[in-house]
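One chain comes next, on its own, written as structure tokens: the form predicted on its own.
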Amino acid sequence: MTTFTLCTLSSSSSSHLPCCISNSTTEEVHLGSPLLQRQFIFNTNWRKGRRGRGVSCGISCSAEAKTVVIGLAADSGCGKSTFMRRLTSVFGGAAEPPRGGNPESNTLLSDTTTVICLDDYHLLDREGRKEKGVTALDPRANNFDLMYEQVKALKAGVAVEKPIYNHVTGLLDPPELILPPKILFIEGLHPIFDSRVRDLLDFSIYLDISDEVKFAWKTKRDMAERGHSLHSIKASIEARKLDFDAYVDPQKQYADVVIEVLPTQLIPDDNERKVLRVRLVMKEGVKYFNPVYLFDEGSTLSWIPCGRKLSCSYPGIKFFYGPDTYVAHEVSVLEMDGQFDRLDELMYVESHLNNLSTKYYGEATEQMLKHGDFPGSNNGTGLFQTIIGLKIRELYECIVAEKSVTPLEAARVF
């Protein structure tokens, strides 16, 4: 059974002061003077899987709470890791695993961002799921209570001891210390599933990969990186489909942005899935998020940019933009079908897109060129992921600016 420890941490300084406590029992802890107090909740009972048992509790907290939380939901093998690398790159510096920690950690850290993989909140290890007859997509296989408590704590500026799911062994490893970052990305199967976690998100994204494309991507990844056979991959997809439809796919109705990856319409009866049609579905009315538009906001139009300013080999490139309705929400849709021959020519496309949230002309193209070796860099997948990264940076800056306004300054506005 999971228990939580409630601690009240006090400090005589109002500055950004890190503090650490070690404790293995459920009790209230007081440090310092009563001038500054922070409360936090952390897990004191974790499962280690079949390697053994143990209890670890290390807490660190800061006196400021400005963590912005972004959620990215998608099925397994749908490019979440690549998306995270693009997003964190926009904020500067490469996101890397924690130094000196568990080499199988799923966490990525940079100066500004922390990426948490929600697989770490599995309640059951791989063998446990087999014994219970459930997949990782089933809510019963995940600890949403702990997920909620820890995301809430990090958003409030409090560090946590987060579990680690070891993808190599399939076991639950000892936890790792996660300090509250400026921007917390939580990515996985269920970041928008639990209403409590969903309410903590400042922005949410859903990657919607069509079955045809998903199979091609998952086959390539699992055969090359994980040594799985084609037969086992097919069996895994079929075994997970009912749970995916029931527990993962419905999350897209709550997402602020959906990126749909579909087979191309430029090649009749295409079976190779190398050319893709990608749709950026942007919900209207999201605070601090103005949808990107092509040429004229609110219009409906198609654009073929191939010609003297953009090199296009067969089957070419086609853009679409227009208003639409998605799961009962008013949205704006930007679509790209086809792929770029030369990324350095992307500047021509960028110059016709508006509300990109770039800080200077050509920044989107620069970001794409920086990661030209990433999967999807020659099509709408990479382009729209990069655009969302720029939009999230603007959203973060707006949220921080709003939090920095004093009550007196806010009163003057009115």
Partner chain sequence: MASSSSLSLSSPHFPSSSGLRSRSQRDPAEAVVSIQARKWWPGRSGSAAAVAAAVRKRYKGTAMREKKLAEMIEKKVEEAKAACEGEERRGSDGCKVAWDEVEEVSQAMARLRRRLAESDRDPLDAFCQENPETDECRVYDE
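What you see is a predicted model, and the numbers here were worked out from it, not measured in a lab. The term rigid core refers to the maximal set of C-alpha atoms that superpose within 1.5 Å between the two forms. Residue numbers count along the first chain shown, from 1.
Below: the form predicted together with its partner chain, not depicted.
In the predicted bound form, which of the listed residues (Gly307, Gly285, Pro103, Pro268) lies with a heavy atom within 4.5 Å of its partner chain?
Exactly one listed residue reaches within 4.5 Å, namely Pro103.
Which residue, Ser76, Ser204, Thr88, Thr264, has a heavy atom that falls within 4.5 Å of its partner chain in the predicted bound form?
Going through each option in turn, the one that passes is Ser76.
Decide yes or no: are Ala136, Tyr165 and Val168 jointly within 4.5 Å of its partner chain in the predicted bound form, with each residue judged by its heavy atoms?
Spot residues vs its partner chain: full contact, yes.
Counting only heavy atoms and a 4.5 Å cutoff, which of 340 to 348, 149 to 157, 195 to 203, 296 to 304 contacts its partner chain in the predicted bound form?
In the other structure, the partner sits against 340 to 348.
Within a 4.5 Å heavy atom cut-off, is Leu356 in contact with its partner chain in the predicted bound form?
Outside the cut-off, so no.
Answer yes if any heavy atom of Asp243 is within 4.5 Å of a heavy atom of its partner chain in the predicted bound form; otherwise answer no.
Answer yes; at least one heavy atom of Asp243 falls within 4.5 Å of its partner chain in the predicted bound form.
I'd like to know whether Glu96 contacts its partner chain in the predicted bound form, with contact meaning heavy atoms within 4.5 angstroms.
Heavy-atom contact with its partner chain at 4.5 Å: present for Glu96.
Check whether Lys218 has any heavy atom within 4.5 Å of a heavy atom of its partner chain in the predicted bound form, and answer yes or no.
Lys218 belongs to the contact set for its partner chain.
Give, in sequence order, every residue of 233 to 259 that has a heavy atom within 4.5 Å of its partner chain in the predicted bound form, or say none if there are no such residues.
Contacting residues: Ala235, Ser236, Ala239, Arg240, Asp243.
Look at Asp344 and decide if its Cα position differs by 2 Å or more between the shown form and the other one after superposing on the rigid core.
Yes.
Rigid core superposed, CA of Lys309 - does it shift 2 Å or more between the shown form and the other one?
Moves: yes, 2 Å or greater.
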